[in-house]
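Heads up, the chain below is alone and in the form predicted alone; it's given as structure tokens.
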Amino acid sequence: MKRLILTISVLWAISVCPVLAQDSIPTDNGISWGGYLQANECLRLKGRNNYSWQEYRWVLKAEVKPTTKSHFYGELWVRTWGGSNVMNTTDLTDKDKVSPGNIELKEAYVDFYGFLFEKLDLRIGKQRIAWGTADKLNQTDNLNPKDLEEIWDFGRHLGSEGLKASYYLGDYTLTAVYIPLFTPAVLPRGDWASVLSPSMELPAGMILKSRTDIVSLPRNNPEESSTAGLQMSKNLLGYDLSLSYIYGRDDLPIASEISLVPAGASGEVDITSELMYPRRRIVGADLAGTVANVGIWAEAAVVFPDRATMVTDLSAFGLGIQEMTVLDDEPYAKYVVGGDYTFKNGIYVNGQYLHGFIHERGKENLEDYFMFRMERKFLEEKLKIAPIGGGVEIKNTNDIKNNYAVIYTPEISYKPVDNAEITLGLRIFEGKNTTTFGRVKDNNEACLKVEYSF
């Protein structure tokens, strides 16, 4: 029923949009439709060759500009994924378990141009507010919660219900954002969750039997749940520059309490942990431009976190209650620099250096990453081959041989017609278990993606 109501609401909003602001100058009242259909499947190359990812996605986009003073945009995802999640005969009556899927409203907002003042624009609704200039891996893009469901779709975020006001002052643009409700990040599905969540080390002699997590969201009020942002941007000498400030919360959880109790057999324990989302303030800066036909970009974000502690309850073993700091309030900086270039022979190269990945926080926990890609198009750009792609992770520059990981992601794609593309790619991992991507070195996979746009 909720899905039906959501779909009807979106279609209703699209249908009534042309009557907005009737006192404004009318333009083209037609609805502009677009979108794409995507099938994406990944197969593990080791073990039993299980499917690691299956998704069929239909995306519908609608845009209306009924007057010179208003604009509407909506984006709806209809998806199915994975195999059946059936555990018993009762589950066979639940279509969500027999054939998992959902309908997701990604964006739905209205723009008002010249709102109250000629140079003031206002956007209201669910919107994606993307800050930053880097290629997908942005350090200053922190307003919308991250959508890590498909961990390799870098740069993907959820939309947020809120207000965005843009004021144009000469060559400067001042943007203010207010998001009243906190939404946590979506974590990766299945065993990809281990990419961002390292295994827990238990005291000697203890064996994990079960683990239960309790998520503690901030209170649903403006003081605890809201996020606010301010950005000043300008183009100077051909470079896009901006400064920003965000007051909000980390959208990835952190453990605040852990309790261990005996679980029957000798050495077995049950663990209950409580997770919370600490406050943080972020000062950001970014730039983008060209130098001698080389595209360049850079971002830096200085994070001022609230101190977070974790209480470990071992009283069931006679060891009492212990408390430790898991995130101190010392500021830390995350940054990225990169560039791209197309040679005369058509070869395109792209490279980025990151200090601090999307899940890392705390001055002592930031690692170094080098991401790269080389590709070339053939057959009037119908065929694209990317023989080199991936990245290198270095956890400790003083001991690289024991603290590294390598990701290799070659791809080949072909366009049978102008609006369709078929892509075949590999993801190969190698490295040490001390690193983020080294922990998933057994998850090598091949992926096939077919996309048709309309």
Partner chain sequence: MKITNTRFLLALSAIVIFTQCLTQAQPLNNPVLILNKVDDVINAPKDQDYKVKLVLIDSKGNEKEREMSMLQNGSDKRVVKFLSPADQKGIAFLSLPNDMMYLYLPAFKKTRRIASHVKNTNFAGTDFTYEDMEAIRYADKWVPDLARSENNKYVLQLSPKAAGLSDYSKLVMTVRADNFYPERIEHYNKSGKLCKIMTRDGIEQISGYWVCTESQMEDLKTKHKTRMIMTDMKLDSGIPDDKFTERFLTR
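Residue numbers count along the first chain shown, from 1. Keep in mind that this is a model prediction, so the values were computed, not measured.
Separately, the form predicted together with the partner chain exists; it is not shown, and the next lines address it.
S.K.: Scan K382, R79, H355, H359 and let me know which has any heavy atom within 4.5 Å of the partner chain in the model of the complex.
M.R.: Checked against the cut-off, the match is K382.
S.K.: Which listed residue (I321, M324, V294, A193) meets the criterion of a heavy atom within 4.5 Å of the partner chain in the model of the complex?
M.R.: The residue from I321, M324, V294, A193 that makes the contact is V294.
S.K.: Answer yes if any heavy atom of D121 is within 4.5 Å of a heavy atom of the partner chain in the model of the complex; otherwise answer no.
M.R.: Because a heavy atom of D121 falls inside 4.5 Å of the partner chain in the model of the complex, the answer is yes.
S.K.: Within 4.5 Å, heavy atoms only: does G132 come near the partner chain in the model of the complex?
M.R.: Yes, G132 lies within 4.5 Å of the partner chain in the model of the complex.
S.K.: Even though the partner isn't displayed, in the model of the complex is R44 close enough to the partner chain, meaning a heavy atom within 4.5 Å?
M.R.: It does not: once the partner chain is placed as it appears in the model of the complex, R44 has no heavy atom within 4.5 Å of it.
S.K.: Please check if G205 has a heavy atom lying within 4.5 Å of any heavy atom of the partner chain in the model of the complex.
M.R.: No, G205 stays farther than 4.5 Å from the partner chain in the model of the complex.
S.K.: For the three residues G289, T342 and N419, which mark the spot I'm curious about, does each lie within 4.5 Å of the partner chain in the model of the complex through at least one heavy atom?
M.R.: The answer is yes: all three residues contact the partner (heavy atom, 4.5 Å cut-off).
S.K.: Any idea which of 123-131, 364-372, 84-92, 265-273 reaches within 4.5 Å of the partner chain in the model of the complex, heavy atoms considered?
M.R.: Comparing against the partner chain in the model of the complex, the contact stretch is 123-131.
S.K.: Scan 235-251 and note down the residues that get a heavy atom within 4.5 Å of the partner chain in the model of the complex; none is a fine answer too.
M.R.: Going through 235-251 in order - heavy atoms within 4.5 Å of the partner chain in the model of the complex - the hits are N235, G238, Y239, D240.
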